[in-house]
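One chain comes next, on its own, written as C-alpha cells: the form predicted alone.
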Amino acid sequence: MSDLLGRNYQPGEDIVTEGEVGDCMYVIQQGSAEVIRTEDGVATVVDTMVAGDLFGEMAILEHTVRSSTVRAVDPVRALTIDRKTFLRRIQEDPSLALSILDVMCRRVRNLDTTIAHLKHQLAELSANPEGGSPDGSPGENAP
C-alpha cells in the first residue's frame, strides 16, 4: 500500500505527539494504539484505539496543537487525512461530518462518565480521609 495516504508505525513509535501542531487526522486501519496525556510531568494512558478508530480531528478542526500523544502498541497502519482533503470530503458527503460528530459525542459522554466516577471517588476519600469506607468500616487497605 502506498505511503501517500498513510504509513506503518512500529510498536512504541509515536504517531502524534502532545503539543505538536496538528495538520492531519488519522484512521487506524490495522493494529492498536494508546492515547497518552501528560499532566504535571506524569504520563497516563487515557484510551486505547483499534482498527476503525480515528484521532486528530480536533487539531485540524480547531487549528490547535495535539492534546495527546498517540503511540503504537503493536504494528499500526494508519490512514492520514489532511485538512483540505477532509473539508473537501465533507462537502462531497455531509454524512461524514455527522460521523465525526458521533465519534466526538461518544468521547464527551465517556469523559463525563469518567469525571463523575472520579468525583465520586474523591468525595468518598474526602469524607473518610483515614481510608475507611463511608459506613465506618475499615477500608480495603486498612490494617
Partner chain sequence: MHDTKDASTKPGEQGHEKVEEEAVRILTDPGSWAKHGSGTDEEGPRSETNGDSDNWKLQPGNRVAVIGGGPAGSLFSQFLLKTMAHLDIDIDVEIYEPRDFNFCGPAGCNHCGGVVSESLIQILGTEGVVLPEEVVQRGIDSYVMHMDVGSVRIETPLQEKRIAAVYRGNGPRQSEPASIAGFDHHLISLARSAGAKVRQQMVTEVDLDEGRPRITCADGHRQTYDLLVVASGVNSALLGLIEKSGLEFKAPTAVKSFVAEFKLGAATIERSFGTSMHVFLLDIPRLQFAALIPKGEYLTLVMLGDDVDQELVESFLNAPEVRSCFPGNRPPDNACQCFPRLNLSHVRRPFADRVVFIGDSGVARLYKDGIGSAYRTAKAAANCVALHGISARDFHYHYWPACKKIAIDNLLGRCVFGFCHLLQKLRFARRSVMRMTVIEQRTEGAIPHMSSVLWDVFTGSAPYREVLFRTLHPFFLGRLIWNLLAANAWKSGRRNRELSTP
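Positions refer to the first chain, counted from 1. Keep in mind that this is a model prediction, so the values were computed, not measured.
One more form of this protein exists, namely the form predicted together with its partner chain; it is left out here, but the text below deals with it.
ask   = Want to guess which of 46-54, 61-69, 32-40, 108-116 is within 4.5 Å of its partner chain in the predicted complex, heavy atoms only?
value = Within 4.5 Å of the partner lies stretch 46-54.
4.5 Å heavy atom contact, M25 to its partner chain in the predicted complex = Taking the distances in the predicted complex, the answer for M25 is yes, it comes within 4.5 Å of its partner chain.
message = Would you classify V76 as touching its partner chain in the predicted complex, given a 4.5 Å non-hydrogen atom cut-off?
response = The answer is no: V76 has no heavy atom within 4.5 Å of its partner chain.
In the predicted complex, L96 touching its partner chain (heavy atom, 4.5 Å) = Because a heavy atom of L96 falls inside 4.5 Å of its partner chain in the predicted complex, the answer is yes.
ask   = Which residues in 81-97 have a heavy atom within 4.5 Å of its partner chain in the predicted complex?
value = I81, D82, K84, T85, F86, R88, R89, E92, D93, S95, L96, in sequence order.
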